[in-house]
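Coming up is one lone chain in structure tokens, specifically the form predicted alone.
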């Protein structure tokens, strides 16, 4: 708790701590932070909005219940983009979450506080949510590990809904082993969640098995285009590490990369959110943040025919991935974000910035496959770069094998120096 007290004024990653613990009190159990769109008994849930959080939640969400059951100690709630709807880390009500590597740059979102709190050292573990990249993007920009599980592997019961086709809950930590341990604690079937599915009951059993014999695909079209040069170079170096460790690299030519570049998943998520927030737009429009309100208005413009077209494009991509994972590769390797963290000064337009930093995560997320961002280097400005590993549905264990092998070979990621002069005050 003392690290939160010391560092949070600089980063603004934590919106509330649990007063029942007390600053400086002893904690018997590993501390963990929960994104403030999940119910934690006794704490208000704001969803990043001024419209919520007036009274404490009466019960835990299913994920929080499992976190407690596993022995973790919930120390507070993490900042987030309003209604989990944006990838910059800005929030008109709670303030922006600053990147621990450089407070003049975005943290990514919408699980901004979860990633920034881990990267800054306030906590080792945090829980976020991911619809189009909301765990993977901030994990990449803040230099930590973030997992988007298979759709339905972790219960969404008691968590804010954004898009029922895409929403997942996932852990964030400095290392793959820690992420895998939290995932093992929270994964499992929940009869109260209509999208819940069964999965591998032992996701950690092969984590030290390495990558020898695995086939890792690199989809050069779309995923390796229009990248910051240092991002491309870092992911290519990571691929070389996997090859050196015994994996086979496979160049993949996607069937319809142009369809991916049209970002159809982004479009149908806009429509989903517009529908789910229609009552708020009718009754409380002026109380919503301007950028979130604008994104909802964009979703209102998506026609039923447009939505159906998005669903067909998603179906085709899911079919392609099923064939790839069945016949040609065990894993896909791509950059997580096409650039390192942009400056706040260049990120005023949340819609465009979200499309920019989440352009490589949205479509994969929409298919429901598990993906994990792992730090794989720094650019010339000293900002972290993330690689994205993806596997077939229900195969999180393969992500853990590969990510752990990479971190064991290259060393655990460097964390930002929170005492350096550039971090002495807020941006």
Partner chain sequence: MTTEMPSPGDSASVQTRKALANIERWNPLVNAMITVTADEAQRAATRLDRAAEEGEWCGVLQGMTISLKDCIDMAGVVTTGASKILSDNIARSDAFITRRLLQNGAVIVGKANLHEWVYGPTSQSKHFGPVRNPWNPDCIAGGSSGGSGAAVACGMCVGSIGSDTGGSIRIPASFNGVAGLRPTIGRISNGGTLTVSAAFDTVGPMARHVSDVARIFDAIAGHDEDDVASVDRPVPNFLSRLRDPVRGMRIGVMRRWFFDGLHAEVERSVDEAIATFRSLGVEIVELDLGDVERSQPLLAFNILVADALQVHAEQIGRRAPDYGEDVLTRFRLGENVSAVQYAEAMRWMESWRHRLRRAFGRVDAILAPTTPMPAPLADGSDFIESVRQLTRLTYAWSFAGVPALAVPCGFTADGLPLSFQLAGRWFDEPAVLRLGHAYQSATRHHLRMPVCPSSTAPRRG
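Residue numbers count along the first chain shown, from 1. None of the values given here were measured: they were computed from a predicted structure.
There is another form of this protein, the form predicted together with the partner chain, and it is not shown here; the text below is about that form.
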item: Candidate from 346, 275, 208, 225 lying within 4.5 Å of the partner chain in the predicted complex - any heavy atom; value: 275
item: Heavy atom within 4.5 Å of the partner chain in the predicted complex - residue from 216, 302, 260, 324; value: 302
item: Site test, 192, 309 and 319 vs the partner chain in the predicted complex, non-hydrogen atom cutoff 4.5 Å; value: yes
item: Interface membership of residue 332, the partner chain in the predicted complex, 4.5 Å heavy atom rule; value: no
item: Partner contact for residue 164 in the predicted complex: the partner chain, 4.5 angstroms, heavy atom; value: yes
item: Contact test in the predicted complex: residue 123 vs the partner chain, heavy atoms, 4.5 Å; value: no
item: Residue contact check: residue 184 to the partner chain in the predicted complex, 4.5 Å heavy atom; value: no
item: Interface stretch in the predicted complex with the partner chain - options 230-238, 266-274, 97-105, 245-253, non-hydrogen atom within 4.5 Å; value: 266-274
